[in-house]
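Shown next as structure tokens: one chain only, the form predicted on its own.
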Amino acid sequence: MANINIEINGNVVKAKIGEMLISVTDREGISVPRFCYHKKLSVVASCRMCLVDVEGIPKPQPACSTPINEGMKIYTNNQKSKASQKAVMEFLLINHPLDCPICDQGGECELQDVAMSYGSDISHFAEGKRTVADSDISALIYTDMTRCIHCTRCVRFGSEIGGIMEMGGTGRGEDLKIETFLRESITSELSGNMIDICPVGALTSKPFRYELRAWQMSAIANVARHDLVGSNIFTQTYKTKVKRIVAKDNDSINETWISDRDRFSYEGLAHENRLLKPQIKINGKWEEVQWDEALEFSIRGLVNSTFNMSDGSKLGAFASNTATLEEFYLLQKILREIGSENVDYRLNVRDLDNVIDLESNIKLTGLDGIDYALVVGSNLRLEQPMINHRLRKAVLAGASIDVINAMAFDFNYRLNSENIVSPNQILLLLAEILKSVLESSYAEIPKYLSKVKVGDIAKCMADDLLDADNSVIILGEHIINNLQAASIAKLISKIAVQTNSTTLNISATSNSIAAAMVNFIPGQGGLNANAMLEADLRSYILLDVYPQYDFHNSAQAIKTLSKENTFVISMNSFKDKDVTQYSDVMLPIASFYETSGSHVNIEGVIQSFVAASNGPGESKPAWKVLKVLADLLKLPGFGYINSAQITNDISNHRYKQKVDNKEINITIKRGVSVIWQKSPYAIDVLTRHASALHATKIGLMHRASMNKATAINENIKAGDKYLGVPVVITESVSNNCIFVNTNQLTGSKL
């Protein structure tokens, strides 16, 4: 679009032909009031609050829907504009209740702010105000729809961004109401954004209800660490306590939206299960002690169990994949200074000789512009909501998406095809796609594909990849424990090269990319997570690890860590009965938002953040605890004063990642495959303690799904329990697959 000159309030400004006037005024810093308009939603021009005077047009025009043309002269603050805006404001206040003192939106209410400039202290309306009965639409959103001004932002958000038309208008005129359809509750994983975009107090945060006023809190920029996107947020605090999370705009990461998981997980910070004081175990009994005594006890234990044997390799370290970049770095540095290569964060992987090795080479913003995507092994909507949001945008712009999954999921956009195949058949289908691509290009067919027969489904997907100008192949976390995970990743890589596609590996979620960046995996001669549980190690350091949730074989982990003459230092943010059972020392550490550090997102972008609040009790940031442990062990190179110095130290190192050179093996593995997925609101220790999230339909997910044929073969009936999880019989699952979604502690996942 060509640049043109227009005049606003007597000043010449640059604009583009066809651009909406309100976009120009916002860019120029010219104030125009609005309620229905939102920069990320469609324009409906229903509130009429943005009426302005356009020279040559008799009636005032809504700035949000008026396109720019050459030579236009606009007045936003003359008498005609102000009179129109004041008249609209009076109509909007006809039915609005005068309850600002008790409204949670008070102090950050758009209606309140605009009424100060455009409202009147005298109303022409003498009739009684209407009232609207409220309904319980969500465990996360509180409604007071008498305050609603029918801007329809929430309705448009649901249909355009959330992808689920859950809110709408019923009735007409005086009887118009914005409400959920069929009185069902809101189920979107992005629903909390409706709270942010509501311009009045009609939709407010239920967990935050009647807590504080906006002006009482401090807002600190932070990064959400529950997935591999690293959404930008503001952490709002009061007296060093986190009280609310809201979205921070960053178009290259999360635009202006965040997931409900990122918004409401903060509730877990105040849970009664927080570990508050250092504890040591004396003669089988726990004693609360001061930090100095706990640290000295830790050093003595390490010396007696490991160093007196002059063999640092008898020490191992496990870390949660939610640790910060700096924590990963310090913990591996301690072990390597001692002489141990036994470090690992891949606790949930069954076979660490069969791991996914796939580079992500597409930016988040690049997902908006794709014209084709092949998704393999993921329920994107719930597992990576912000990535799913960008794919939905691409679909709305005309992109086509094919899915290969072991179970059918509820995508919130149209799919080109959803292919439900057994987990042990996914490799074969990808092999067919690769062979079809190679045949279409008249390329040499490798030996491992010689006996593969290309089916119609694979041929269609191969053709789509070849025909696309901008395609991406997405590998999901359902493949992590696939018996052919490594070969699946290699096939995807080869397909991408042959079709000029980009790749996105979302199996490495939370802060796993940071762990890989600082080499928090075993070096030469080191033991991986599973090997450490089988070996005769004498001591362990665990960083915010909870075996029943984090280890693939939790029973084996607890058994190994509980062995006699094994010394275990547990650095945890929450109390846990299993941690209490096997630990010799428990050191309370800060949780999310209570420590400074860095998160590395799927693009490899390091996003650093500061602590938004202090940890409760005597908890300390883990990086500080690790630094002091290193000092007490008299290890060199730990003279850090703040986490930023650690980040700088990391940037000065280059780590060589291991390259998997094994051949692709397309031999089909027989038998029933179990895909074990923690429910989206139980993926880390903080979300597991956020009560509001667990009251939602997503949070209540707890079932083992299988089809009728698999149930018969396994002699299982509906209502039985499989590995402690209730069984549901459904034909949405492929043959020879049991798909487990759980939000509770269960037995071993093997």
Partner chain sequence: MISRIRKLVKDFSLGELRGGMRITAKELFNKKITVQFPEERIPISSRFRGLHALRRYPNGEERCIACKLCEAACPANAITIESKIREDGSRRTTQYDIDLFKCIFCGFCEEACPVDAIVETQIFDYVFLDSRKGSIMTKDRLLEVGDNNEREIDKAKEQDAKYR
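Everything numeric in this text was worked out from a predicted model, so none of it was measured. Numbering follows the first chain given and starts at 1.
Although not depicted, the form predicted together with its partner chain is the subject of the following passage.
Remark: residue 239 counts among the residues lining its partner chain in the predicted bound form, judged by a heavy atom distance of 4.5 Å or less.
Taking the partner from elsewhere, residue 170 is found to have every heavy atom lying beyond 4.5 Å of its partner chain in the predicted bound form. Residue contact check for residue 671: none of its heavy atoms lie within 4.5 Å of its partner chain in the predicted bound form. Under a 4.5 angstroms non-hydrogen atom cutoff, its partner chain in the predicted bound form lacks residue 189 among its neighbouring residues. Stretch-level contact analysis of 96-104, 416-424, 155-163, 469-477 against its partner chain in the predicted bound form, using heavy atoms and a 4.5 Å limit, identifies 96-104. The single contact residue among 212, 650, 452, 197, judged by any heavy atom lying within 4.5 Å of its partner chain in the predicted bound form, is 212. Exactly one listed residue, out of 665, 642, 216, 365, brings a non-hydrogen atom to within 4.5 Å of its partner chain in the predicted bound form: 216.
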